[in-house]
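Only one chain is shown below, in structure tokens, and it's the form predicted on its own.
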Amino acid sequence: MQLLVNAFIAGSLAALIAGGLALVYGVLGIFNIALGQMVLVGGYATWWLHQSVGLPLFLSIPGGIAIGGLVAWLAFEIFVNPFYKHHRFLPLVTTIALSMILDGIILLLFEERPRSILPGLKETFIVYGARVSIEHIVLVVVTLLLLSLLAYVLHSTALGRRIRAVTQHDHAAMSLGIPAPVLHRVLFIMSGVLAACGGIFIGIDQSLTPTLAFALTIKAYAAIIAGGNGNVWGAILCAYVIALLEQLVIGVHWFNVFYVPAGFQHTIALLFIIFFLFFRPQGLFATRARTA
């Protein structure tokens, strides 16, 4: 039971990040390699506002989200927008440069030691044999609310209909008067906001360290590849599946002989990518675009 609870908590974090990234990839078709660093920006910004500036948590969290959205907007204008119209793989190079720049800034400002938004031991209690804390419950509930809000926006609002139109065919949507370039910015900023929420999730649940960025990026892309390129809900579902597999691999006493070391946990996402690229490169729930 504890493994399932841990998987649900870790999956909620991964779903936040993968959902935002799937929106960007589905519409723009670009790889944002700096995604993990954007996650850390939101977490570290919230830590700084709460622990250094001294703002209360209910103000620090919106501040961290706002900073994450601002960084995403600047990243789009400087590292993505001038390049992706020429070739969709150019942002792969520019966002690698952005990830290195953000890595350097994070190390310079916050050093390598772990930072926790809410330091100290958290009070836990037992539910059906699993140990959880109030913070875990709040984080999971807020994540589900954010994903529900995303679902509402995509499927029940005019903005969502425009986003779905742009996802199916950019130029056809523009011929109908839908401002596709503006929606590109909106989606990239939304992705940055969800990434920042993921960073705040990590900072409250665990601790922030600069080395987390690559693993977060790989896990998000594994969920997108497995779920189907551009399928937001497929990516979110696969994020939970990957988190469950990670917990099972390191939490099960295999053959009553050995445990897999925790350091191998992040290889599950890599194996997920390799497996799907070999056997089902279109993913489980590939989004089909109209051709006429």
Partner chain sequence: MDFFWHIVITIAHTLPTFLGYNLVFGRGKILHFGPYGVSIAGAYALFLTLMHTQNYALAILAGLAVALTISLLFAFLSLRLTPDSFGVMSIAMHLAMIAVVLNFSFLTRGALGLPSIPRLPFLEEIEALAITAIAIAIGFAFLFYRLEHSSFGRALTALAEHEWHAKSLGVNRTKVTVIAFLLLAVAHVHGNFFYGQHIQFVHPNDFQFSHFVFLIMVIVAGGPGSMRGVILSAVLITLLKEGIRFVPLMPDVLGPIRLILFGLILFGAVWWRRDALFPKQRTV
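Remember, it's a predicted structure, so these values are computed and weren't measured experimentally. Numbering follows the first chain given and starts at 1. In this text, rigid core is short for the largest set of C-alphas that superpose within 1.5 Å between two forms.
Unshown form predicted together with the partner chain; subsequent notes refer to it.
| field | Every residue of Glu135, Leu145 and Phe201 near the partner chain in the predicted complex, heavy atom within 4.5 Å | value | Per the other structure, none of Glu135, Leu145 and Phe201 touch the partner chain.
| query | Does Phe214 reach the partner chain in the predicted complex, with heavy atoms at most 4.5 Å apart? | reply | Result yes; Phe214 sits at the interface with the partner chain in the predicted complex.
| message | Although the partner isn't part of this model, could you tell me whether Gly263 comes within 4.5 Å of the partner chain in the predicted complex, counting any heavy atom of the residue? | response | Yes, Gly263 is a contact residue.
| message | Considering non-hydrogen atoms and a 4.5 Å limit, does the partner chain approach Phe89 in the predicted complex? | response | Answer yes; at least one heavy atom of Phe89 falls within 4.5 Å of the partner chain in the predicted complex.
| request: May I ask you to state whether Thr267 is within 4.5 Å of the partner chain in the predicted complex, using heavy atom distances? | output: Taking the distances in the predicted complex, the answer for Thr267 is yes, it comes within 4.5 Å of the partner chain.
| task | Just one of 188-196, 101-109, 137-145, 170-178 has residues with a heavy atom within 4.5 Å of the partner chain in the predicted complex, so point it out. | result | Looking at the other structure, the answer is 101-109.
| said: Considering non-hydrogen atoms and a 4.5 Å limit, which listed residue (Ile78, Leu149, Ala158, Val182) is close to the partner chain in the predicted complex? | reply: Selected residue: Ile78.
| So which of Ala165, Val93, Ala130, Leu118 reaches within 4.5 angstroms of the partner chain in the predicted complex, heavy atom to heavy atom? | Looking at Ala165, Val93, Ala130, Leu118 one by one, just Val93 meets the 4.5 Å heavy-atom criterion.
| task | For the heavy atom contacts within 4.5 Å of the partner chain in the predicted complex, list the residues of 13-46 involved, in sequence order. | result | Stretch hits, in order: Tyr25, Gly29, Phe31, Ile33.
| field | Is_shifted Ala269 between this form and the one not shown (CA, 2 Å cut-off, rigid core) | value | Yes; Ala269 is a residue whose C-alpha shifts (by 2 Å or more) between this form and the one not shown when the cores are overlaid.
| Given that the CA-CA distance for Ala269 and Val249 shifts by 3 Å or more in the predicted complex, does it become closer or farther? | Pair moves closer in the predicted complex.
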